[in-house]
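The chain below stands alone and is given in structure tokens; this is the form predicted alone.
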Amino acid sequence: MPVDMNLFRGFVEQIRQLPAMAQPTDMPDPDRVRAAKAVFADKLDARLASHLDACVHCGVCAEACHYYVQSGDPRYTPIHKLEPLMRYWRREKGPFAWLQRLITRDISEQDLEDWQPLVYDSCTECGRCSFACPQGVDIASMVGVMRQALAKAGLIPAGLRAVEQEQGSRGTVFGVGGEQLMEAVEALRARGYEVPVDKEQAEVLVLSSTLDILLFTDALESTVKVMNHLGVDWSIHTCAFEGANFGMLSGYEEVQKAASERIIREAIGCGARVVIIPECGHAYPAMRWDAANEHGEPLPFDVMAISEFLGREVMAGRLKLKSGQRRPVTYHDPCKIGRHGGIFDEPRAVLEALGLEVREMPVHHEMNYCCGGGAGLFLIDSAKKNRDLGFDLKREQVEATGASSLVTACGSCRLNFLAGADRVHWDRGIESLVELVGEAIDGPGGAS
């Protein structure tokens, strides 16, 4: 269903108020530098060192970055965003550190401040640069290290910091917690849906997100319909339903681990074999890979994005959908689910089962361009120019297909597409994969 744009604009207005809600993170300049260096020292293992040494400064990563492609600004060259980390490596850990300390300037607090907008405002950690690099340098993961260093130095942008602090201190996001989840659940129950909550034992633990409770409510409804239609033994838990992890986005590892552990405890406690991530791009790697690293051992359950789950059920013949009117659509692969996770065939199998004609963009699958608003950029007011640049590039790609609608499986992508469409009065539809599936299943209980 189309999003209520007045509701969307109200949500955007809420985001604009975030900087005023952030608690200050002041500290003396020398302390900021020491904190950042401590992160560099902790994270600089042999793998990262080999990546830093492998760069031959060929510039290929620049042509892969949507912000550089759109602006031509050399500061947006991805490898340049790692300069403080690179400098630390050369001076402190590299094979010629003794010489580099004589000829290479040390990191200053001003450097950290100068690199903050490069690391946060102009990088979505989409990984396209890493795929393009002929040396295989994993630039995106090292930007994550840069964010962790700046977070320890108290330099998370205010809007993103406000949400990270809320999730870290209260366990809520935009004021949404277990109570608000239950309000959404009761509304669905009043319409005839069976929604299992806080079951002691369940094979599948389903996560949701603040976006699906405040804005994209049809996504939550559709997820419930799918689970019931398939007869899944599932549950959603009031104390561990939020898939979004703003500790990961901000680089603040303590909050990242706390948010992940909350889900891990509930999944283990109810004996879940699978945890399903909602339509949230960064929530997927936060639980699929990073959670195990933070937890310190392999997770005793599988992690699947909802688009992955839907595709597997369709491909196995268990999820049969009504095939609607054939119309041309294009699919935007969320970077963390597609390029990082390799989930390409599953969402397209769903679209095919729905009877839709999928028209690929000029650049798609592994080299698909980012929407421009991921990795928390939608919460950073100073990043608006870059978010717009990213949308404008994607708009051209979508229009080149002649498709009447764009489908995606990420709420953050959807937010940036909606904002861009509102700005330029774009005439293309912006649709959710799980919502399309929900519409193709009859009845509130999911019985066809």
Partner chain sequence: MTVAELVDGPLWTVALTVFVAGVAWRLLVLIATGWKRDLSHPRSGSLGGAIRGVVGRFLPSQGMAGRLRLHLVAGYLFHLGLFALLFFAAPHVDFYRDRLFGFDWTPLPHWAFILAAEAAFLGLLMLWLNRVLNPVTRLISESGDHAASVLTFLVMLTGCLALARSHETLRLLHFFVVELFMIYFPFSRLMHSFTFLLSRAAQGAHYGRRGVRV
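Numbering follows the first chain given and starts at 1. Computed from a prediction, not measured in an experiment: that's the story for all the values here.
Not pictured, yet referred to below: the form predicted together with its partner chain.
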Would you say all of A64, R75 and F344 touch its partner chain in the predicted complex, counting a heavy atom within 4.5 Å as a touch? yes
Options 181-189, 165-173, 298-306, 239-247; stretch whose heavy atom lies within 4.5 Å of its partner chain in the predicted complex: 298-306
Which residue, Y252, F378, W89, W234, has a heavy atom that falls within 4.5 Å of its partner chain in the predicted complex? W89
Position in contact with its partner chain when the complex is considered in the predicted complex, options D29, D45, D422, E396, heavy atoms within 4.5 Å: D45
Its partner chain contact in the predicted complex: M367, any heavy atom under 4.5 Å: yes
Partner contact for A316 in the predicted complex: its partner chain, 4.5 angstroms, heavy atom: no
Does its partner chain get within 4.5 angstroms of any non-hydrogen atom of H282 in the predicted complex? no
Close approach of K199 to its partner chain in the predicted complex, 4.5 Å, heavy atom: no
Counting only non-hydrogen atoms and a 4.5 Å cut-off, give the residues of 309-339 close to its partner chain in the predicted complex. R312, G338, R339
